[in-house]
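Just the one chain here, laid out as structure tokens, in the form predicted on its own.
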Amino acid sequence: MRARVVLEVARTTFREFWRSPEAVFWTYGFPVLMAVVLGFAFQPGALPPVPVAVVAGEGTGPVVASLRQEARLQVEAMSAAEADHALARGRVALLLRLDAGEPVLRTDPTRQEAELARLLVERTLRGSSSGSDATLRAEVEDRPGARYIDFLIPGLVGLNLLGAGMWGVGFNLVQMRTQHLLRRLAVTPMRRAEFLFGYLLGRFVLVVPESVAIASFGVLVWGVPCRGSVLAALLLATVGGFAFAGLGCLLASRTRTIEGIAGLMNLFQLPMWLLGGSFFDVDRLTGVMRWASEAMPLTHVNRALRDVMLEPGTLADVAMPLGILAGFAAVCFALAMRLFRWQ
């Protein structure tokens, strides 16, 4: 092995990297930028209160008043149906009801805040005059549809649609551009719209079966319910997949390098991973974080999928998120066709 040749190749590779602004930015600039943004977003401060639901009824007034004296608890009185729904969707960490005057605490132990909520409620009730001599009974929330695994499976379907649409389309388009395959297609009589639509259609064939496979795994292995319209669920997977594919196509319309498209994908995917509602309920977010979450297509996909899987949701119940996703897909495709370049 000739050392001179090895050093020359290394020197050329090093120069080629520094002469690519996209590679330099996404390698050094983007991590620093994300560190700054996330550092400001998650600055050290007071811990947020733990949400707790109390089933409203006779005798619950003193209990609610006692719990609200604890600053770490966010207590809300609800009807039994509302409290069940809030616990199932992860909007509250604990449900408290009175059974013959005896407080009953119901939690899902697989959720992170469940144990903290139970300890805070027990400490508060035992330290108050209204509950000092009461016996606290604990229940485990293990009904299908109300467990964390039931909440998680639709979120994983949404994440699969996100990854398949963006990486399966956007990354591969840029790879074709760097390998000069698109330049060869440019000399054919094929139009850009024809190529993009045909390419997306071909890549999209596998998206719905992948979503069905993930949902079926949850149903068969974990007993995740599917109580709503199957047609609505399939339509959500289709429209959501096209929305993410349109975003991937738009990001790849002018990108010239693999480093560039990888950075753009991370720039758009990371916020949706954090705030898209795949792992926790975004309705508990406030301020700018809540606004950002509502602007993300993944939030609408996950919320609508849970409506048709965990509840008897129909096509009419998810008409609004379907319209939002279809509009988002149409805008992305229109911009991608206008901006797309073969080389």
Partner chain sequence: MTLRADVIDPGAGDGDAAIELVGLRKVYRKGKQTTVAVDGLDLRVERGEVFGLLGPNGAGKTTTIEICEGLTVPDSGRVRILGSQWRTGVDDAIRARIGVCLQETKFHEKATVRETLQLFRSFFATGRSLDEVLDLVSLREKADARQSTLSGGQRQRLAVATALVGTPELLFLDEPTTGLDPQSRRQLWDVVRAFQDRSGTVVLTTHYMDEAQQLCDRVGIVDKGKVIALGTPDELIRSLDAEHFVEVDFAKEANGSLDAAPFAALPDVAAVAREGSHVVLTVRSVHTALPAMLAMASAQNLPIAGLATRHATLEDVFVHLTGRHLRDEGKP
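Numbering follows the first chain given and starts at 1. The structure displayed is predicted, hence computed values, not measured ones.
FYI, the form predicted in complex with the partner chain isn't displayed, but the following is about it.
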4.5 Å heavy atom contact, His180 and the partner chain in the model of the complex: yes
Indicate whether Arg123 is a 4.5 Å heavy atom neighbour of the partner chain in the model of the complex. no
Hey, in the model of the complex, is Val187 touching the partner chain, heavy atoms inside 4.5 Å? yes
Check whether Leu152 has any heavy atom within 4.5 Å of a heavy atom of the partner chain in the model of the complex, and answer yes or no. no
Given that the partner is absent here, state which listed stretch (157-165, 171-179, 99-107, 208-216) has heavy atoms within 4.5 Å of the partner chain in the model of the complex. 171-179
Can you tell me which residues in 306-343 come within 4.5 angstroms of the partner chain in the model of the complex, by heavy atoms? Gln343
